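The chain below stands alone and is given as structure tokens, in the form predicted alone.
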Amino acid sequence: MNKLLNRVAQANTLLCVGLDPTGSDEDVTRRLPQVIAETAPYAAAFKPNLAFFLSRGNGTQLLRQVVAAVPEGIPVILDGKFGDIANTAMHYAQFAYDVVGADAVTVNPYMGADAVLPFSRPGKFIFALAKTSNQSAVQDAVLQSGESVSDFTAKMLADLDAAHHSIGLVAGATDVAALGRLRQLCPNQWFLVPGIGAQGGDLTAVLAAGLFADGTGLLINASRSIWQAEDAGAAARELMNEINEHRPVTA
């Protein structure tokens, strides 16, 4: 977590650049380092999506090249949405941290703490799914207690973070009311926020609902809107500046 905090403070940015590379293997191999180089000055983190790499024959090698291309000091979040338990989860963690070299992961906590804690390591960080941005998510279901699945999950993750200090949440930008509830339930945890840009999330509303008082606490992810831009660096700079315009503190 310190790596992320240091980067946010140093570069004055909350932008997470998602890497969901589309195109031929040749084009992607050529373009990935270009996008990383162009957007790095504006990035608080990079988030390669595992599926977009595993669908390629050289996927693991390409992931390792991505990590190597990211400038030192900028964290890499491997977006694998890992969701198994016990020994299996430990092997996923070894892949993410030891093989790929990621600093953080996304995890599906549907199977409970057993699916989350194997990814907790010194110097590493976890973003666990609490409320995703897709419309068909079961996280909106209401339990007998009257709370939603996403709120119940957030409480579990807050308890885990209180003990392990390494767990944030994934909270989609497409449901600002839910994101605001999650912030009330988890006042001290960082949120990774997909859904801005191509998915139409309201950036201003998201920042108002989720930022810490000091103007941090959210990582705003953009993937397609940057990857598909003619000038990836300009797209990243524009979004970073837009985010900073709505932050109460931009040190």
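Note that residue numbering begins at 1 and tracks the sequence as displayed. Since this is a predicted model, take the numbers as computed values, not measurements.
Not on display, but discussed next: the form predicted in complex with a further copy of the same chain.
Chemist: Identify whether a further copy of the same chain in the model of the complex is within 4.5 Å of every residue in the set 79, 87 and 94, based on non-hydrogen atoms.
Modeler: Result yes, every residue of the spot touches a further copy of the same chain.
Chemist: Is residue 178 close to a further copy of the same chain in the model of the complex, meaning a heavy atom pair under 4.5 Å apart or at it?
Modeler: It does not: once a further copy of the same chain is placed as it appears in the model of the complex, residue 178 has no heavy atom within 4.5 Å of it.
Chemist: Evaluate residue 50 for contact with a further copy of the same chain in the model of the complex, applying a 4.5 angstroms cut-off between non-hydrogen atoms, and reply yes or no.
Modeler: So residue 50 counts as contacting a further copy of the same chain.
Chemist: My question is simply whether residue 120 lines the interface with a further copy of the same chain in the model of the complex - judged by any non-hydrogen atom within 4.5 Å.
Modeler: No, residue 120 sits far enough from a further copy of the same chain in the model of the complex that none of its heavy atoms falls within 4.5 Å.
Chemist: Just checking whether residue 60 would be counted as a contact of a further copy of the same chain in the model of the complex - the rule being heavy atoms within 4.5 angstroms.
Modeler: Residue 60: contacts a further copy of the same chain in the model of the complex.
Chemist: If contact means a heavy atom within 4.5 Å, which one of 213 to 221, 37 to 45, 24 to 32, 52 to 60 is the stretch that engages a further copy of the same chain in the model of the complex?
Modeler: Stretch 52 to 60 is the one.
Chemist: Mind listing which residues of 141 to 160 have a heavy atom within 4.5 Å of a further copy of the same chain in the model of the complex?
Modeler: Counting only heavy atoms within 4.5 Å of a further copy of the same chain in the model of the complex, the contacting residues of 141 to 160 are 141, 142, 143, 144, 146, 149, 150, 152, 153, 156.
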